[in-house]
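Shown next as structure tokens: one chain only, the form predicted alone.
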């Protein structure tokens, strides 16, 4: 994929300021304001602490009828190996706890879970389901302290679809609290960067000083697998939402043209 214009970058007053913005993106898709067909748009969600407030707000919006879950399809980025949707610690289990409406979507067949056992045939079938759904219209992303996107760890290929991967030790350390007293898994199934970059629109959120180094590498370092998140600079419709702490190491002059 050829290099495109850099992502838009918005530095917010606080992390919570991202919530109404993200809700509006979902609302616009679910209401058909941005649809050119009668096909329900597919939204791919990222889990993790970055999106906790958003998922709780999304569930409230659905319960209050301001967003209709039957008007869109859902999926997610990744799952720990062997973690079925109901297994505590898993990505989909976490998502369902924070936004119970997703559990209802799963039961109706309108949420497409990542195949957690990693068989090659199941991964290709999952990609085909996404393609039949018209592809991902909106992809939400977080970023790891080491620059990983989904579970694409440093050194990952930027030209890979859904696959099984081994987690970096720093990623396992960050996930440790959710698995106490057990140890975090060592392997996971993840969307590859090739899959992620096929989304029509991408919004990445990063908040806190512990993400500052990764954000700087993503936006100002070399575009390669050392920082998988840097691949977002090859996408034509990517937006990065930061708070001041996450943006603290950025060279303002170098990204002035991307600031909005």
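Every value quoted in this text rests on a predicted model; they were computed, and no experiment measured them. Numbering follows the first chain given and starts at 1.
Form predicted in complex with a small molecule: not shown, discussed below.
With the small molecule left out of view, the stretch that reaches within 4.5 Å of it through heavy atoms in the predicted complex is, among 156-164, 75-83, 102-110, 128-136, 75-83.
Note on the partner interface in the predicted complex: the residue among 147, 118, 184, 142 having a heavy atom within 4.5 angstroms of the small molecule is 142.
Shown without its partner, this chain lists 230, 50, 216, 195 as candidates; in the predicted complex, only 50 has a non-hydrogen atom within 4.5 angstroms of the small molecule.
When contacts are judged by a 4.5 Å heavy atom cut-off, residue 92 does not count as touching the small molecule in the predicted complex. Interface residue remark: residue 171 is counted as part of the site for the small molecule in the predicted complex, having a heavy atom within 4.5 Å.
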